[in-house]
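This document opens with one chain alone, in structure tokens, the form predicted on its own.
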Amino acid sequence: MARTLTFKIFRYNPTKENDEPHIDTFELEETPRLNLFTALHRIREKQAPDLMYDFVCRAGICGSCAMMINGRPTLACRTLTADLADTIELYPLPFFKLLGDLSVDTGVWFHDMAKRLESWIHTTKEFDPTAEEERMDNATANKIYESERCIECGCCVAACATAQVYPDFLGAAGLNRVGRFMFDPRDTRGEQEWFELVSTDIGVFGCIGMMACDDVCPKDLPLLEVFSYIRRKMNSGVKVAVTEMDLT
């Protein structure tokens, strides 16, 4: 016999006059292989046409449908109701600007983070459109590929204790982006430049090591390995900085 699921959903429209944050309760009959993305669609179609949430790909690729599901940040399209209790609580991701109900604006934060980190390959070489693409060994290419698999869903930042206290903290997504360019042999930034960019309390040394980001990442990125690599590089940067200090 199919279960009747109870959804307790956070509701608040900041653009609506006199609206206050509250919880609305909905009931829905469970069907085989039902995921939360489809469940929310059914609730909006039949019960709450003004319910706000984000979606694009429906396949765990775009990261748009990230939300707090029973207290854990994850993707609605990748979450089956069969794996949850009869009562399901849905809240928007913390940290990011709330647009309404379960919808948050992750785009502005990720755009600003990319600009802060100068997320492009830095090189002194002139671009030659006729030249053969630079080759790299498979191990290096795989490291870059693993970092590039980030879908910028924001789950890691939402789960991060440091990010909730320091809004300028780069978070796992930002540090993973740094690691991606550190791995890339085409990027000519030196250890001192990386040191000045991320060796602060809002950079790699702001991480307190709880690794909640690693627990909730829907793409299972090797975040621990990336952070360890960056810390080792930063230790080299410390040595460079001390060597270049004017002690006279």
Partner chain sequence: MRTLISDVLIIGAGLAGERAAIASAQAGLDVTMLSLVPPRRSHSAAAQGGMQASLGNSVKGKGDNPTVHWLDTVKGSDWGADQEVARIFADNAPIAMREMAHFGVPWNRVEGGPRDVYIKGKKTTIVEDDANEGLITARDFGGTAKWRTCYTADGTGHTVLYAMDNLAVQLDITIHDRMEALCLIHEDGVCIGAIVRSLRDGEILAYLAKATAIATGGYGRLYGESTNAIINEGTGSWLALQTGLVPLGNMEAVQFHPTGIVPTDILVTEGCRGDGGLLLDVDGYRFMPEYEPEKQELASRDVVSRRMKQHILKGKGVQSSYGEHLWLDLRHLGEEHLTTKLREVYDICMFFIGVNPIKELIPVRPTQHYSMGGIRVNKDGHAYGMKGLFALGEVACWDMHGFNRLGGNSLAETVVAGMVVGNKIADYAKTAELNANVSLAEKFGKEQTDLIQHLLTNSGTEDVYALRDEIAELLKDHVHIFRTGEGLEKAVTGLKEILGRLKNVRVKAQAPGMNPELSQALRIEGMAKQAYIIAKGALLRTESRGAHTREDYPARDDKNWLNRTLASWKIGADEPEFNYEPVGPLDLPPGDRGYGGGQMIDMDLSLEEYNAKVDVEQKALGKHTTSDPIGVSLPKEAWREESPYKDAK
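Note that the structure is predicted; figures quoted are calculated from it, not measured. Positions refer to the first chain, counted from 1.
What follows is about the form predicted in complex with its partner chain, which we do not show.
Peer 1: If the criterion is a non-hydrogen atom within 4.5 angstroms, does every one of 3, 185 and 227 touch its partner chain in the predicted complex?
Peer 2: Not a single residue of the candidate spot has a heavy atom within 4.5 Å of its partner chain in the predicted complex.
Peer 1: Does at least one non-hydrogen atom of residue 149 fall within 4.5 angstroms of its partner chain in the predicted complex?
Peer 2: Flag for residue 149 set to yes.
Peer 1: Give a yes/no on whether residue 18 approaches its partner chain to within 4.5 Å in the predicted complex, heavy atoms considered.
Peer 2: Heavy-atom contact with its partner chain at 4.5 Å: absent for residue 18.
Peer 1: Do residue 215 and its partner chain share at least one heavy atom pair within 4.5 Å in the predicted complex?
Peer 2: No, no contact at 4.5 Å.
Peer 1: May I ask you to check whether residue 134 falls inside a 4.5 Å heavy atom distance of its partner chain in the predicted complex?
Peer 2: Contact check for residue 134: yes, within 4.5 Å of its partner chain in the predicted complex.
Peer 1: Only counting heavy atoms and a 4.5 Å limit, does any residue of 154-184 reach its partner chain in the predicted complex, and if so which ones?
Peer 2: Counting only heavy atoms within 4.5 Å of its partner chain in the predicted complex, the contacting residues of 154-184 are 177, 180, 181, 184.
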